[in-house]
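Next up is one chain by itself, shown in structure tokens, the form predicted on its own.
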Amino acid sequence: MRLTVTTWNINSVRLRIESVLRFLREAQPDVLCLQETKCPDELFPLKAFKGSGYEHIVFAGQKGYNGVAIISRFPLLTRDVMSFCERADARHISAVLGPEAGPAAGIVLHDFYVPAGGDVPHRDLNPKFAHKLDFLSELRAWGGRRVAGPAILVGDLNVAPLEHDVWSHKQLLDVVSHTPAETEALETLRGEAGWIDAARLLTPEPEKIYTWWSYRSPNWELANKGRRLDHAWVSPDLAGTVRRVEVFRAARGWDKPSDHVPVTLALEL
């Protein structure tokens, strides 16, 4: 069985619902995990997703900021939301694939939206950066392996951890998302918990991988000053099933795009 799971920071699900539906028509993933939905629960566009064949949906949202959702062809057994840094700010949701998913049944899906961290990479000068580091510290303490069995962790982790996850390692060392404090924190928590970085499993460095291009760039495609902020990790028991990680770059050029693009993980189970 081929299982495909897509992660996408959509930067407002209601504003970009037509782009999401277009992607679902073109790529047809089994599961779509969204971040930054910016949508209170009562306004989530359930009807649009169900009309596209995605009947099974869990979400955690709030007005104007953050928000996560898991949208699935297969039934989802559970809905679990974790809070970090004593804030119930809709940055995590998880669910378990039901028996109807066949060989994928029982896989735990985690969808995360890590704080961006603002513009100043100093804890004492920037409360947003301090929040990000604290969030990563709590994520490290959680680890993600408290639930027995196979698991997938995806999301906008807002860190480009490796040298070739950014357009210029040297120029971005003092830029939030690629500072040593962030990259070391993310790689430490991933390594300690045993998560496998699926994209780099298949495409090792020094090949560049980007999933985000800034709105500030007048010509994002020509400049190509990207960063890999969106990730798909698998538990060690799924490492041998990873077949593909595809960055859907074309979506960055669509009308009213998100600055992130969909990233799809494919497993052969």
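Keep in mind it's a predicted model, so treat the numbers as computed, not measured. Counting begins at 1, following the sequence as shown.
Below: the form predicted in complex with the DNA, not depicted.
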(request) Although the DNA is absent from this view, report whether Arg22 comes within 4.5 Å of it in the predicted complex, heavy atoms only. (result) no
(request) Spell out, yes or no, whether the shortest heavy atom distance between Asp30 and the DNA in the predicted complex is within 4.5 Å. (result) no
(request) Verify the contact flag for Lys128: yes if a non-hydrogen atom of it lies within 4.5 Å of a non-hydrogen atom of the DNA in the predicted complex, no if not. (result) yes
(message) Test of understanding: in the predicted complex, would Arg216 fall inside 4.5 Å of the DNA by heavy atoms?
(response) yes
(request) Mind telling me which stretch in 198-206, 231-239, 53-61, 31-39 gets its heavy atoms within 4.5 Å of the DNA in the predicted complex? (result) 31-39
(message) Between Ala116, Leu173, Ala193, Met82, only one gets a heavy atom within 4.5 angstroms of the DNA in the predicted complex; which residue is that?
(response) Ala116
(request) Within 4.5 Å of the DNA in the predicted complex, which residues of 219-243 have a heavy atom? Give them in sequence order, or say none. (result) none
